[in-house]
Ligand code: ADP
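Next up: a single chain in structure tokens, the form predicted alone.
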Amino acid sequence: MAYRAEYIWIDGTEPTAEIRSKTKILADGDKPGIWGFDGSSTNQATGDNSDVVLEPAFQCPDPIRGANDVLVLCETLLTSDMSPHPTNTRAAARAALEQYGDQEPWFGLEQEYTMLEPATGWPAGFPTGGYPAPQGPYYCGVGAVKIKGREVVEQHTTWCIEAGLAISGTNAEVMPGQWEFQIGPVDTVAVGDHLWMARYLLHRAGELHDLVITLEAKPMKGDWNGAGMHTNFSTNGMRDNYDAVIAAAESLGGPQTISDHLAGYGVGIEERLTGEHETERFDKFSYGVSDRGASVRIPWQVAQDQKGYIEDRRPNANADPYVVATLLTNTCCAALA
């Protein structure tokens, strides 16, 4: 009996990559293998040399179709020599984990996102062409006046659990129509695998309920919170020793390091990291215990326990999790080696 494999990959759309997918029908017993696609339609190739290779990298059950169907997240490769395509950011994450795997880097990503009404482009829960009451009651809120889109959240969470993804929580965020889910703790490569797959399922849940999902860093201008992807990071040394926690935080503060990290932390950094709405300014760096206005927060419990992790609050919601995880692994693990 045949089954379906949904091949999923990250395209070359600029300035922010998007998810693509297509379905392959396989005979029962056959495993998903190498496939390909038209890269000239995804900003990954030219028309005169359009083929790009899909190499399966991470697979899980397909919770939407059920039965024996699967979701297959792929790396993109060049046809010339089967090397990673320039848009293949997973390859660098693999290299970072291979180099620093002995430190057991763990990540927990807090993916914020905003639901939009497709007819208006306005956030779900906003009056058409107008504004709701100021933010405050919406964070972790309950009730029809405060909450919009919970049906998408519940559908998405169920699918992530059924797919075996490392989803660890959800909550309504500060702005109406804005939500968050968390992935982790998992390693440098797995966090990207699970987050990209969860993003795919989120967009599919939005399709089902006729709501558009955006990862834009500042979906509403003015006195509204932006959307981030706060990144919690630790190594085995940090989980045992507070000095290593401080060393990791301080390793992120050098001028060149700040520049390199912000370049990889998503589009719209300057709009979101303004020094307001629980952020430090993009052109400053700070860290502190329990400080949500710092670039890097050391949770209060970590300071109490004298061991644990740090939270880099700078990555945008639209950042590539492979890129973020690679940067933090290379920077912090090198400092702790």
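Residue positions are given as counts along the sequence shown, with the first one as 1. These figures come from a predicted structure and were not determined experimentally.
As for the form predicted in complex with this ligand, it is not shown, yet the points below apply to it.
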Note: this ligand not shown here; in the model of the complex, the stretch from 174 to 182, 202 to 210, 73 to 81, 143 to 151 having heavy atoms within 4.5 Å of it is 174 to 182
Q.
Can you tell me whether D193 touches this ligand? I mean in the model of the complex, with a 4.5 angstroms heavy atom cut-off.
A. no
Contact between P137 and this ligand in the model of the complex at 4.5 Å, heavy atoms? no
Worksheet item: Does the 4.5 Å heavy atom contact test between W122 and this ligand in the model of the complex come out positive?
Response: no
Just to confirm, D312 within 4.5 Å of this ligand in the model of the complex by heavy atoms?
no
Picking from Y242, W106, W224, Y100, the single residue whose non-hydrogen atoms come within 4.5 angstroms of this ligand in the model of the complex is W106
**OP:** Verify the flagged residues R20, K22 and T87 against this ligand in the model of the complex: is each one within 4.5 Å by a non-hydrogen atom?
**Re:** no
Of the residues spanning 284 to 306, the ones with some heavy atom within 4.5 Å of this ligand in the model of the complex are R292, R297
